[in-house]
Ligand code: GLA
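Heads up, the chain below is alone and in the form predicted on its own; it's given as structure tokens.
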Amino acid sequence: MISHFLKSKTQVYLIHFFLGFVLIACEQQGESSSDQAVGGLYEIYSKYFPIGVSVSPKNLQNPKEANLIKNEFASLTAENVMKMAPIHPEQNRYNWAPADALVNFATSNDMKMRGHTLVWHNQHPSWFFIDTDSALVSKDTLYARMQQHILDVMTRYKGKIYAWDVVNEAVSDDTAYIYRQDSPFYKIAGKEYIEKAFRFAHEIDPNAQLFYNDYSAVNPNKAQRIYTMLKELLAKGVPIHGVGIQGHWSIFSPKREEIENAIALYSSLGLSIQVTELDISVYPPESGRRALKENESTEFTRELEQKQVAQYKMIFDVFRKHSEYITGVTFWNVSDRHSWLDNFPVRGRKNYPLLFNQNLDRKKAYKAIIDF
């Protein structure tokens, strides 16, 4: 009797163990299948707005990365190769090949393409603002060079690029001014250069959507100054179709109400809104460059991960809520393998601001923005 009882009890334990093992395996298989069954990010958000990503030609040369880009995103933006210095290094010479590679990739994979950027005070070639005596050129010369540059670049990609960041970061960080005082464009032509750039661009491609693009665009003070500039331009009939909110944010800021207030402010002008350069730094915002401090951690800790998940979830909740005004969201870089925030503003510090980790796997923040 006792031996029979022990035998039966052993069988029961074995059955329970086997069933538990099968259950765990099924759950794991279910999670794996579910993860694989989830479509690309752009498909999940297709009824809200297109999801894009900034890339360099190097991203497209890695097969695994190229496949991720095709599977997850609906549009491309050139991270650097369409900026004035890389694409137009000398007055009579253009470097088309890197930009062509991105446009060809987008076209062959049925993806949208955003142009970034036509007029910017930064990353410009030295020849653009000076004459043969190294003095600043006249306003007329500046406008002639601007017009020719915009003509050449936009004509080459006409019909392939649906939207352009025409003017980038023209509004000052100094609250005493609307316009960036140190911009060579502003020094030569004053604020009029902004109007001229948009009018030139519209003449060349009347079908392109033209954006003003800036960072800190949800900061209440700067948002008000951007609004004032745009309102004045629109009142003059300047062809501006949208405002690009650069989403270079962090796990600490901005707050929900700041994003919502900025969306309400810009949309009140009848402008569409795109979040053009989205990444969520895991460090507090800092002004000024510095070196990494001794014993300063660069580890992506569980606490930082949780804060990043919460911030991403919040901002995409806001984006979906106001999707009637938002016509695109673009991540600035593909994965944590590479971000412009690596070594900036802190030299030697790694950042982890995106939805894919260094192995190109989806992070928890990815799952947080599709769980709605």
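Being a predicted model, the structure only gives us computed values, none of them experimental. One-based numbering along the sequence shown.
If you look for the form predicted in complex with alpha-D-galactopyranose, you will not find it shown, but the lines that follow are about it.
Quiz item: Among the candidate residues 107, 138, 261, 123, which is the single one with a non-hydrogen atom no more than 4.5 Å from alpha-D-galactopyranose in the predicted bound form?
Solution: None of the others qualify; the residue that does is 123.
Exercise. With alpha-D-galactopyranose left out of view, choose which of 149, 241, 222, 83 has a non-hydrogen atom within 4.5 angstroms of it in the predicted bound form.
Key: For this set of options, the contacting one is 83.
Quiz prompt | Complete contact of 168, 246 and 332 with alpha-D-galactopyranose in the predicted bound form (any heavy atom, 4.5 Å) | solution = Per the other structure, all of 168, 246 and 332 touch alpha-D-galactopyranose.
Quiz item: Are any of the heavy atoms in residue 72 no more than 4.5 Å from a heavy atom of alpha-D-galactopyranose in the predicted bound form?
Solution: Looking in the predicted bound form, residue contacts with alpha-D-galactopyranose do not include residue 72, since no heavy atom lies within 4.5 Å.
Quiz item: Should residue 116 be classed as touching alpha-D-galactopyranose in the predicted bound form when contacts are defined as heavy atoms within 4.5 Å?
Solution: Heavy-atom contact with alpha-D-galactopyranose at 4.5 Å: present for residue 116.
Practice problem: With alpha-D-galactopyranose left out here, work out from 246 to 254, 171 to 179, 196 to 204, 286 to 294 which stretch has heavy atoms within 4.5 Å of it in the predicted bound form. | Solution: Of the options given, it is 246 to 254.
Practice problem: Note that alpha-D-galactopyranose is not shown here; using its position in the predicted bound form, name the residues of 273 to 296 with a heavy atom within 4.5 Å of it, in sequence order. | Solution: Sequence-ordered list has one entry, 277.
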